[in-house]
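First comes one chain, alone, set out as structure tokens in the form predicted alone.
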């Protein structure tokens, strides 16, 4: 290609602030609607209405409905993976001896903190992850967004259970994730079943982190057969 041809090639303009804000509004609207109505129960027209934009802009910023669904899962998955891996790296680089509870905290705490303090979008995200985890048709999203970090944590957990069946460790990890998602989406059931008069308060979620980690640690130690584990 000649210099002239290169020079003649049009330059791509960076998105304007208005365009970025519109895209964010569309993604946020899609996240809330998909979380509560599911993939099949939500239309692009619904998303456009909630975001206050024409349907054509939803297509422009998000692509097809399936592409948009994947996009809103990916955007928080990347952030969570980074936070979890940073926490795990910091734990392993520190002076304290590794413990199962500390490793579990590295995984669950980053999300619980955001669900408690990040507003309705982060709470909605738990419902999305539950949908993706429960339906095999989204297995490609799970494999791409969640499996690399999940397998790394399963490796770390399995190290506490030498000689154990990896499938048992993986099952314990999946049950831990399910408990974390239930904590974020079903605290109202805890209040109802305990006859609590308190209104659901997302900020209270952070207080349940220790309970959740203890629950997961106890379940793993009881269910995963391994010599030398108390």
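Values in this document were obtained by computation on a predicted structure and should not be read as measured data. Residue numbers count along the first chain shown, from 1.
If you look for the form predicted together with a further copy of the same chain, you will not find it shown, but the lines that follow are about it.
Student: If contact means any heavy atom within 4.5 Å, which of 56-64, 26-34, 43-51, 184-192 contacts a further copy of the same chain in the predicted complex?
Tutor: Looking at the other structure, the answer is 184-192.
Student: Would residue 133 show up as a contact with a further copy of the same chain in the predicted complex if we use heavy atoms at 4.5 Å?
Tutor: Looking in the predicted complex, residue contacts with a further copy of the same chain include residue 133, since a heavy atom lies within 4.5 Å.
Student: Look up in the predicted complex whether residue 19 has a non-hydrogen atom within 4.5 angstroms of a further copy of the same chain, and give yes or no.
Tutor: No.
Student: Heavy atom to heavy atom, is residue 89 within 4.5 Å of a further copy of the same chain in the predicted complex?
Tutor: Contact with a further copy of the same chain, no.
Student: According to a 4.5 angstroms non-hydrogen atom cut-off, is residue 154 in contact with a further copy of the same chain in the predicted complex?
Tutor: Contact check for residue 154: yes, within 4.5 Å of a further copy of the same chain in the predicted complex.
Student: Quick check on this chain: which one of 150, 77, 103, 116 has a heavy atom within 4.5 Å of a further copy of the same chain in the predicted complex?
Tutor: Exactly one residue meets the criterion: 150.
Student: Using a 4.5 Å cut-off on any heavy atom, which residues of 149-186 would contact a further copy of the same chain in the predicted complex?
Tutor: The stretch 149-186, when checked against a further copy of the same chain in the predicted complex, contributes 150, 151, 154, 166, 167, 168, 170, 171, 172, 173, 174, 175, 176, 178, 179, 182, 183, 185, 186 at the 4.5 Å heavy-atom cut-off.
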